[in-house]
Ligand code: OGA
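Taking the form predicted alone, here's one chain by itself in structure tokens.
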Amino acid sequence: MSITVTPTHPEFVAGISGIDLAQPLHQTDRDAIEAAINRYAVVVFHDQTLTDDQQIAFARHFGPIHSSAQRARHKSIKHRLVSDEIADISNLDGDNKVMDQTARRRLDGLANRLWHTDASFRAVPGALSMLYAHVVPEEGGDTEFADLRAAYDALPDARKAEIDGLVAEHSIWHSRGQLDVTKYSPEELASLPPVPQRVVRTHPGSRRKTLYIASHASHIVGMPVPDGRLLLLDLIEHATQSRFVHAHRWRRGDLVIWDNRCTMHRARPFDTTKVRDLRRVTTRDVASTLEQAA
């Protein structure tokens, strides 16, 4: 049986049904999923049952996997997940207990509530993220997505000309610093140095122009820092108008895939005394945005 793709909006977000992702993935289904991602940027699969290994195996069909940056910036804590190819997007500590409000990883993870793009702070940034829900709270904890291709299309021509060719410096430490989360060792800081990325890029799957911004973007290279940051803030404000944003309300068994090359996302608040256990695998892009089509 072939998969069914049901758009949520004409060009952004779709549901995919008729497939069990725990089973071997046929090439025709793999290609249909990739085509849906290229068109809609965010796709949702409900009622899946996946182990960590099965989630990783599924992700491998779409490219090489980034090791989790959590390991680089949390070297001194106990991690509950075995594989470094899967990121622990939960409020649980290494002993599967709800983290204390002052826990280091919890404070670091609060930056996920800022608009961001996964792994833009790496020289070869993230391509697709695949987040699977093991346990979700009854209320809150939604994930919001912003369509950066539509946001770019809606910019005035003068703004498009202004930002054409600009490069921003991206750093995970910049996003954490916005929340005054700064207690990292010299070794941790050195493990993830700042990298340059284009502000406007061409999305390879659709050949559409898209913004490439969000909270890891610190400043514009060659521009006074205050001016560059104001420009980035203006672009984020523009791109997160309600007409460009979709909120996903999680259900246990959901697997959501989004394309980091043309979206931003952020987590929404929830009662952190309740368990929220989601796990993410992110594939690597082919190269730095500077080495790809502008």
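As the structure is a computational prediction, the values presented were derived from the model and not from experiment. In this text, residue numbers run from 1 along the sequence as written.
Just so it is clear, the following notes concern the form predicted together with ligand OGA, a form of the same protein that is not shown.
Interface membership of S218, defined by any non-hydrogen atom within 4.5 Å of ligand OGA in the model of the complex, is ruled out. Using a 4.5 angstroms limit between non-hydrogen atoms, W258 touches ligand OGA in the model of the complex. Under a 4.5 angstroms non-hydrogen atom cutoff, ligand OGA in the model of the complex lacks E187 among its neighbouring residues.
Not displayed here, ligand OGA is kept clear of H170 by more than 4.5 Å at the level of heavy atoms in the model of the complex. With respect to ligand OGA in the model of the complex, the three residues I89, A267 and R280 uniformly fall within 4.5 angstroms at the level of their nearest heavy atom. None of 204 to 212, 173 to 181, 158 to 166, 112 to 120 except one has non-hydrogen atoms within 4.5 angstroms of ligand OGA in the model of the complex; the exception is 112 to 120. When you look in the model of the complex, the only residue of L131, V195, L81, V200 with a non-hydrogen atom within 4.5 Å of ligand OGA is L131. Contacts with ligand OGA in the model of the complex, taken as any heavy atom within 4.5 Å, map within 128 to 162 to L131, D142, T143.
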